[in-house]
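Below sits a lone chain in structure tokens, taken as the form predicted on its own.
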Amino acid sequence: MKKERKKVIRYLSLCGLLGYGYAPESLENALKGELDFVGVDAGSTDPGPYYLGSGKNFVKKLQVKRDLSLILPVIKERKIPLIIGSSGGSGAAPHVQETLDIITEIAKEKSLSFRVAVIPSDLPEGFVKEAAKGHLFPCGGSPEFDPALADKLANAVAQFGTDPIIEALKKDPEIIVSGRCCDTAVFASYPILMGFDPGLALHAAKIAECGALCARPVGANDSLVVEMHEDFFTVQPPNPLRKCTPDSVAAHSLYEQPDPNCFYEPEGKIDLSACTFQQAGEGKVKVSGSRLVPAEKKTLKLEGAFLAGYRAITIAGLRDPSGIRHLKEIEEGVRASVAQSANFVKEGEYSLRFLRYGLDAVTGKNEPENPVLPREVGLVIEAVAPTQEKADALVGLARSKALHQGFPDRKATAGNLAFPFSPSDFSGGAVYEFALYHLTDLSIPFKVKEVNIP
């Protein structure tokens, strides 16, 4: 990349997550000014470990293709790079490949060609076992890593910071398809490469990665324009229906953070304690005072999941007041009855879970005792077993036994439950659990691959 040092950088965050969508008008308005690059985050662990372990994206292909179809002709015509972070949802090899396939499909349909820099984030063979020897540290309340699971991990990745994307930018690609990376890396790498203050660049990136989530009305399904200056940055949604205010942007400092005064990235601590937020025009906010306290040693976050079994569920409604009052007894009776009848699976090889929507399905034991019972409860019964066939049989047993399970004050002898669907039972497929959700102080030599599409 050979570009002159600029006093101002202007970039576009396409939307809060690739595939979530954005208004075409937002893109049109953003393009009324010069853009230095376009960025979009594409991944998250929020939907759980299934998508990493299975190699599938939690955002559907048609959603991703729609968002890319609008922007790819633009970046080609304008000669500005597009940076996609945590491609395919989780950033492992199959996720990255799916993104490349979608870009290839669009390129063929629109007679376009692209120089693409690909940054794999898959862990090298043997890396987890080596890191487990004193170089793995639990992250976000995760338990200590079990070395016995090292060989069972599917699609394990390292979440990196800005350095690999900066190296990719130096190759002057038209598109960067990155594996698993920090959300901030998507938007901070270019400004840091161009010599802008890293504290400001990372704070701006933290806001930009969510698209228009810092604006009102709130929404991750729209765009945000960021302007980087020497000692401040501004944020403004290009959609005239949305406005940024000092309150709305400052409030974003609380997003996914335990401390509004700082957040942490591989580059270090971003200190926000001296930040100021000022209205700088219609829907535009000026932010200054962000400061990076560099890390003594950069770390990587490792993510890996293993196959824990297969799921089946059934969904039903319960309206009998006595049945609702005695759901605990019904559940205990069903568990005992299933254990007696399920000779096709060993005790300890399966699990049964009862989610009682209307009572405590979301908060569980943390829900305070309520003397007034709801008029109806939605019941989800889940079985997880070593095979899909066994999970299906278990949930079928549990459903039939819950349907006819006796309880105190029961008046009817017909079924206890109402089923909204026929068939009532659903095969849920593979179940994955996180085993690796840890930091490491070991380094990985991330290598940028150059690909021509199509």
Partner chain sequence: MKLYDAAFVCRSKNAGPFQVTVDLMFETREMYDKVLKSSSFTAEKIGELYHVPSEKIAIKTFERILTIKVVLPRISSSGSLQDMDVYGSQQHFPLGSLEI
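Definition used throughout: the rigid core is the maximal C-alpha set that superposes within 1.5 Å between two forms. The structure displayed is predicted, hence computed values, not measured ones. Numbering follows the first chain given and starts at 1.
One more form of this protein, predicted in complex with the partner chain, exists but is not displayed; see below.
Peer 1: Counting only non-hydrogen atoms, choose the one of 81-89, 335-343, 134-142, 162-170 that falls within 4.5 Å of the partner chain in the predicted bound form.
Peer 2: That would be stretch 134-142.
Peer 1: Give a yes or no on whether every one of L355, D360 and K365 sits within 4.5 angstroms of the partner chain in the predicted bound form by heavy atom.
Peer 2: The answer is yes: all three residues contact the partner (heavy atom, 4.5 Å cut-off).
Peer 1: Go through L149, A250, L100, M194 and name the one with a heavy atom inside 4.5 Å of the partner chain in the predicted bound form.
Peer 2: By the 4.5 Å heavy-atom cutoff, the listed residue in contact is A250.
Peer 1: So which of E329, D259, E77, E282 reaches within 4.5 angstroms of the partner chain in the predicted bound form, heavy atom to heavy atom?
Peer 2: When the partner chain is considered in the predicted bound form, the option within 4.5 Å is D259.
Peer 1: In the predicted bound form, is there a heavy atom of the partner chain that lies within 4.5 Å of any heavy atom of V384, even though the partner is absent here?
Peer 2: Flag for V384 set to yes.
Peer 1: Please check if G429 has a heavy atom lying within 4.5 Å of any heavy atom of the partner chain in the predicted bound form.
Peer 2: G429: no contact with the partner chain in the predicted bound form.
Peer 1: Does at least one non-hydrogen atom of S424 fall within 4.5 angstroms of the partner chain in the predicted bound form?
Peer 2: Judged by the heavy-atom cut-off of 4.5 Å, S424 is well away from the partner chain in the predicted bound form.
Peer 1: Although the partner isn't part of this model, could you tell me whether P47 comes within 4.5 Å of the partner chain in the predicted bound form, counting any heavy atom of the residue?
Peer 2: P47: contacts the partner chain in the predicted bound form.
Peer 1: For 270-298: residues with a non-hydrogen atom within 4.5 angstroms of the partner chain in the predicted bound form?
Peer 2: Heavy-atom contacts within 4.5 Å come from F277 alone.
Peer 1: With a threshold of 2 Å on the C-alpha, tell me if E296 counts as moved between the shown form and the other one once the core is superposed.
Peer 2: Result for E296: no, shift under 2 Å.
Peer 1: Determine, after fitting the two forms on their core, whether G348 shows a C-alpha shift of 2 Å or more between the shown form and the other one.
Peer 2: Comparing forms between the shown form and the other one, the G348 CA shifts below 2 Å.
Peer 1: After the core is overlaid between the shown form and the other one, has the C-alpha of P368 moved by 2 angstroms or more?
Peer 2: Yes.
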